[in-house]
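For reference, the chain that follows is the form predicted alone, supplied as C-alpha cells.
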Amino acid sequence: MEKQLMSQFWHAIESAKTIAIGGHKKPDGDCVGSSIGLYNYITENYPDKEVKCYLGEYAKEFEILEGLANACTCVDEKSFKEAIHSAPTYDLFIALDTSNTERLEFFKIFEAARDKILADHHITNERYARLNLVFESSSAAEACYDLIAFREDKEFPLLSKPVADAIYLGIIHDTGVFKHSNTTRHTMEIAGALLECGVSSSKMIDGTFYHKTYTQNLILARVLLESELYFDGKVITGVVPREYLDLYNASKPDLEGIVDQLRITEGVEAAIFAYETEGEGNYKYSMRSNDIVDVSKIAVKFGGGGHVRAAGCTIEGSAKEGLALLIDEIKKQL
C-alpha cells in the first residue's frame, strides 16, 4: 500500500469532526473486528471527535469485544430505518470490509457523508469511495492494523487491549484461525504482536469459533444429514430453507461456520452452503474451496464477491436452481 494513500487516510480522519464507520450486510467476524478495532482506536486517540460505528445483526459471540455496545446495532427492519432516519450528515464515512455499495449495510448514511473513504482487502473491490485503500491482506482487520502501524510509525505498535482484541478477532475469522491460504508471514507476525498486547488467543478462538448453542448444533446436524456430494465427492452442498430457520427459531448468526464444516469433509475440493433469505425466493450462497477452485470468480459472475478460497453471492430462485448454476461453474474449473 502506498504511503501517500495511508497518509491521506489519516488526514481525512484528523480533518473530520464527525465520523461514521460501517461494513457489509450480515457482518461476519472480520467486519465486526475491523470496525470495532478502528472505532476503539480513533476514540482513544481522538477523544474530541464524535464517532459512531454502524453494524447490522451479528453473532452474539462477538459481544466479547469491548466497544461493541457503543455500535449502532440494527437487528430488524424497524431499528434499521430508525438508524437511517436519525443519522446526522457525517463529515466522514469509513467503509470497511465491503467490496461494493450494494453490500454496504448503511449505504444511505455513507452516501450522505461529506467525505467517503474505504479500507478493504477483497480483490473484487469496486473502489467506490473518494479515497480507496485496497490491501493485499488476509482481512480488513489486518489492513486496519497496518494503517494504525503507519500512523504510529512502528511496525508492531503496542495497542490497547480493546483495539488488539477486535483486530485479532477479525484476523482469525477471515483466516479460519490461520489455516486458510490467505494467511501470510505478516499475518502471523501481527498475531504475535497482538498477543503481546494482552489478547487471550484461547478465549477469542474458543469463544467465537467452537462454542455452539444447542440451536446452532441442531441446524448444523440437519445440514450435514441432508448434504449432497457431486463429482465423486469433490463437491458438497448443504441447504437451510426458511422453514428450518423458523422451526429452530434460528437467525443468520446461527449459521456461522457451517460452510467450513462442509469444506473439511474428506475428499472435498469445494463446498456450497445455501440459506433462504427473508426476501421470498432468494438464497444466499457461501462457497469455500481448498486447492483448485477460485470461488471469487464464480461469485462475481452472479453479482457477489470475495476471495479465491472464500466467496459468496445471492441468486433469485430456488436452492435447486441456484446450486445447479454454481455447481456447473465449479465443474468447469475442476
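Quantities reported herein were computed from a predicted structural model and do not represent experimental measurements. Start at 1 with the first residue shown and count on from there.
Missing here is the form predicted together with guanosine-5'-monophosphate (5GP); even so, the following discussion is about that form.
Looking at Ala311, you'd find a heavy atom of it within 4.5 angstroms of guanosine-5'-monophosphate (5GP) in the predicted bound form. Remark: Gly67 does not count among the residues lining guanosine-5'-monophosphate (5GP) in the predicted bound form, judged by a heavy atom distance of 4.5 Å or less. None of the heavy atoms of Lys116 is located within 4.5 Å of guanosine-5'-monophosphate (5GP) in the predicted bound form. When guanosine-5'-monophosphate (5GP) is considered in the predicted bound form, Lys52 lies well away from it, no heavy atom lying within 4.5 Å. Segments offered: 262-270, 284-292, 57-65, 33-41. Contacting guanosine-5'-monophosphate (5GP) in the predicted bound form at heavy atom distances within 4.5 Å is 284-292. With the partner removed from view, the residue among Gln216, Asn100, Asn182, Ser227 that has a non-hydrogen atom within 4.5 Å of guanosine-5'-monophosphate (5GP) in the predicted bound form turns out to be Asn100.
Taking guanosine-5'-monophosphate (5GP) as positioned in the predicted bound form, none of the residues of 59-73 brings a heavy atom within 4.5 Å of it.
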